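One chain follows as structure tokens, the form predicted alone.
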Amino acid sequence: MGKDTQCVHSGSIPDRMSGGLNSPIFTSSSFVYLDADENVYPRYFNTPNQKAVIDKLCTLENTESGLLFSSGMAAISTVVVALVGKGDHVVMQRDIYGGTHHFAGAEFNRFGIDYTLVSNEPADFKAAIRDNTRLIYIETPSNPLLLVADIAAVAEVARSYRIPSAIDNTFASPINQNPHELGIDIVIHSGTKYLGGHSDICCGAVLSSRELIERIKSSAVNFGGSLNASTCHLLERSLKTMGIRVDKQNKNALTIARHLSSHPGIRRVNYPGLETHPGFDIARRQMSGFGGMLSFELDENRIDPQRFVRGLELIRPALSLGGLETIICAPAVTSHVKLSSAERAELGITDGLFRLSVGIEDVDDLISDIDRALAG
């Protein structure tokens, strides 16, 4: 089946009582155990609504199994702690979501985990591997600079050393990129973003082989970061339209990125769909669409960042991303605020950098709003 068909039909639970088209919501937190194949309980990640969503996501990412979590960070942290322990080492891409970066800095030492931050180049991952390296972690396109890592090349490095590899695939979504098909072992999503797509739920997902999911599940059950039936229902509903939502967001983002690239008040635009982007050729090879996320840096000698963002009328300054509406944020005071100013400077995150999550509105209206704010 094609992606749009998978979004609509995969994983759905037949409603044998009423004949309804939507999967029923099984609200119980208590299930009978006599003559059951397994003990069913929300914290065990095996309720019907959890399974319905996972089946759909596994189809979209071409994986064997998966787990749903209460947030993207619950998914990321559980993967790491399940596979890495005291005395072990992680090789992690430097340019990643600020929450993940902060998690490593704040928690790894407490768990006795060592880690090395590297660029998005496969050779740097290889050079950082030690005898005790137990996980390689990447994010592409990255948050917020939209750097592109060669997924297949990094996966090959990990495979050659028999080290599990994991990727945060949130920015791309399963519509634009399927890392498991390129050799990555574990695919992670902050489902709050494109999977949910309506700015109204918080969730995460981990997708992989049955063997690795069982290892991760052993820790996940102890940590208890599972998802309730009502949110699973909203997530399954949202996934049905993900294909058409992301397609429109791809087109809008590319149009806006090209427009901003020619504006004299913009120093640079970060979008993998631009031919001038350093990762364009790799992105074109491993992505079917370039995504709805872009970032751009203002020339602060010409445009005051605060005046610009307060001058927007249609585009709202807000946290998160991936929703139907276009929103904007300054990573220095939002997604990467927990990093020190020195760490932000090392990553290239300035006060004039803005991240734009492009929605499904008419693109001419969005461009007009941006131009008015830049002129103001």
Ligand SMILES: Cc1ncc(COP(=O)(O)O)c(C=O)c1O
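Please read these numbers as outputs of a predicted model, since none were measured by experiment. Numbering starts at 1 and follows the sequence shown.
Here the subject shifts to the form predicted together with the named molecule, a form of this protein not shown in this document.
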property	result
Complete contact of M73, D168 and K193 with the named molecule in the model of the complex (any heavy atom, 4.5 Å)	yes
Answer option from C202, I129, V118, M287, heavy atom within 4.5 Å of the named molecule in the model of the complex	C202
Residue (of A330, L67, L321, V53) lying close to the named molecule in the model of the complex, criterion heavy atoms within 4.5 Å	L321
Interface segment, criterion being heavy atoms within 4.5 Å of the named molecule in the model of the complex, picked from 136 to 144, 296 to 304, 119 to 127, 208 to 216	136 to 144
Partner contact for Y97 in the model of the complex: the named molecule, 4.5 angstroms, heavy atom	yes
